[in-house]
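Shown below, as structure tokens, is a lone chain in the form predicted alone; questions about how it binds or moves come after it.
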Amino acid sequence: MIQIENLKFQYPRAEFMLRLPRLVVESGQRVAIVGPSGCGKTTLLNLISGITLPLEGTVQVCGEEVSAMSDASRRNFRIAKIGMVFQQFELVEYLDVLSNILLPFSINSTLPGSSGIRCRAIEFAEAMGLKEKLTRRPAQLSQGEQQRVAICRALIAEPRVVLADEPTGNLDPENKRRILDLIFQLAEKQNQTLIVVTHDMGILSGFDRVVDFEKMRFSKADEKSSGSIGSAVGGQA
């Protein structure tokens, strides 16, 4: 589902350098990426989604080379194939909760919209505990509620790949467990590949693979595939 070869990335005028000889993530896998701030975890998500382009190497997602697409093609591909949960949420302030969840269908006409999309968005919101918040705007929500809206938006178009940057970071323990379970259930039902950046060691048991991105240590479940991931060094997230 995701294949990276000989990747090299560096921010302009920065010492940060990310090198990844090879990374392979199979379809349907749930991968957690851990490590301290500054080791390149968020950068990796941006490279996979095509938000950021590598200086060298290739990034393939769903069999297509994202790193070789035009800006417009990458944008449409990302909206159609990749669900993004940003650390800063990136909600549209002038839209209400329901419209924010449905945003992928508003900005990409190639998505197969249907009369049931609105109903599914409402079901997602209710499952996330947002039933009474559908007409509110982001500024009227708590951080945890905004995060749940962002998760709904990432999942609504049934993407092939879900990339989530600290998706449980602003949630209380009760909501954290409930919402993480819901993400896992939907990912399994839709055979989605899930990559989650997290500092929360308490949620790692639900993943197929756990990678320490600073030292590239592998969990026991990942030992057999450790040769698929190279090394990374860096100084910014």
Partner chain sequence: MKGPLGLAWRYVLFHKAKSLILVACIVLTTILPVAVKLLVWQFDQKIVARAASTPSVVGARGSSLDLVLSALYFKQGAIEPVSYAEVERARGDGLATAIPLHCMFTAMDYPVVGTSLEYFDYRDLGVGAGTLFVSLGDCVVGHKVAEMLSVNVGDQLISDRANVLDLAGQSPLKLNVVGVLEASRTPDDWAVFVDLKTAWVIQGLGHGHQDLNKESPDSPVLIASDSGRIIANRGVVSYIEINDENVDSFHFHGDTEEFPVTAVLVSANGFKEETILQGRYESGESEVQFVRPEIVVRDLMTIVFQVNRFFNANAILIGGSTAMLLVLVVLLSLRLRKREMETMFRLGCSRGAIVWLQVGEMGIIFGLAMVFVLLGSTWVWSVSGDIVESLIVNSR
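Numbering follows the first chain given and starts at 1. Just so it is clear, the structure is predicted and the values come from calculations on it, not from any experiment.
Heads up, the form predicted in complex with the partner chain isn't pictured, but that's what we're talking about next.
Tell me whether Q10, K41 and Q60, taken together, all sit within 4.5 Å of the partner chain in the predicted complex, counting heavy atoms only.
-> Contact check failed for every one of Q10, K41 and Q60.
Which listed residue (I51, V34, I203, I179) meets the criterion of a heavy atom within 4.5 Å of the partner chain in the predicted complex?
-> Result of the distance check: I51.
Just one of V161, I122, L103, L141 has a heavy atom within 4.5 angstroms of the partner chain in the predicted complex, so which one?
-> The option sitting close enough to the partner is L103.
Is I79 close to the partner chain in the predicted complex, meaning a heavy atom pair under 4.5 Å apart or at it?
-> Looking in the predicted complex, residue contacts with the partner chain include I79, since a heavy atom lies within 4.5 Å.
Does A127 make contact with the partner chain in the predicted complex, using a 4.5 Å heavy atom cut-off?
-> No, A127 stays farther than 4.5 Å from the partner chain in the predicted complex.
Distance check, Q146 to the partner chain in the predicted complex, heavy atom within 4.5 Å | Answer no; every heavy atom of Q146 is more than 4.5 Å from the partner chain in the predicted complex.
Can E93 be called a contact residue for the partner chain in the predicted complex at 4.5 Å between heavy atoms?
-> Yes.
Across 140-163, which residues bring a heavy atom to within 4.5 Å of the partner chain in the predicted complex?
-> Read in sequence order, the lone residue that approaches the partner chain (within 4.5 Å, in the predicted complex) is R153.
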